[in-house]
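One chain follows as structure tokens, the form predicted alone.
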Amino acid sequence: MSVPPRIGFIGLGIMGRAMALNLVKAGFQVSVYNRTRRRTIEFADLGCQVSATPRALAKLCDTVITMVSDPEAMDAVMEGPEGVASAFAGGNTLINMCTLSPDYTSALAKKCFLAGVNFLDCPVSGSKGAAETAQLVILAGADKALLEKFSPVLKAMGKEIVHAGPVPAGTSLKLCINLIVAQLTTALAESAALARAQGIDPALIFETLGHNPALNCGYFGLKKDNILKQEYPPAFPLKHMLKDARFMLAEAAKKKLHLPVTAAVESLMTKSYNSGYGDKDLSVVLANLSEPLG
């Protein structure tokens, strides 16, 4: 793009922090807002402007990127007298990179259109490590010309952009991808639980997978330590995948489509969430599999 945008980044959690830092490293002028103020300190130390409210950030910048946890968090930064929407001005741009529902995303795009604001629906595939190394895959729902215009910004955070179509196609594709991630995780957890129940070392599962190129999935390697050590530091918190699974099931129900395996995965994740594991990595479902039936 001929004139680099002034970027305002909202949401400095596990993913957002790394993504915003990569924008800074790429040389973009970045300002930040986060509900928890302490997470902005390192950005202030890097020379970034820290805004007190989402509205103040949006007034300062021509492009706002959101990476928050869920629709409620999105409402909190978008709505009200101190929200981003109150500062919307024609010609500005909003890029949402968190996973919302397709209906919410479509409504947000309409709000932007009526305000004369460009909107890109750009959730990401990849977790903490990919975010830190700018190796995310960006799933884009947007006008093709608009997407091309903002590709330098997006490519500062990810290695590839998949153009899924118009809004909310990026979000719709993200739900399809996360369905696979959720089922891969529970399959691995169930396999380890079955191995232990039979007196087999679960490490043998990973050894076998490593010898079989058809089954040797890089994602399994990312979860190996979680499964074998039964420790679950969050790369992708369970509560976020549970939210996404519920979006998947809601979308399927609207289309009269039954997703029986996803429904079972959602039930297991709900059990883990109710056990107090929401902030742990989604591989924590293994902990509930070791509990006795009933």
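When you see a residue number, it is the position in the sequence shown, counting from 1. If you're wondering where the values come from, they're calculated on a predicted model, not measured in any experiment.
Although not depicted, the form predicted together with a small molecule is the subject of the following passage.
- Note that among 259-267, 43-51, 243-251, 225-233, the stretch whose heavy atoms approach the small molecule to within 4.5 Å in the predicted bound form is 243-251.
- The contact residue chosen from 147, 117, 73, 161 relative to the small molecule in the predicted bound form is 73, the criterion being a non-hydrogen atom within 4.5 angstroms.
- The closest non-hydrogen atom of residue 105 lies beyond 4.5 Å of the small molecule in the predicted bound form.
- Taking non-hydrogen atoms only, residue 65 never approaches the small molecule to within 4.5 angstroms in the predicted bound form.
- Heavy atoms of residue 99 reach within 4.5 Å of the small molecule in the predicted bound form, making it an interface residue.
- The small molecule in the predicted bound form is approached by residue 128, whose closest heavy atom lies within 4.5 angstroms of it.
- If you check the small molecule in the predicted bound form, you find a heavy atom from every one of 11, 69 and 124 within 4.5 Å.
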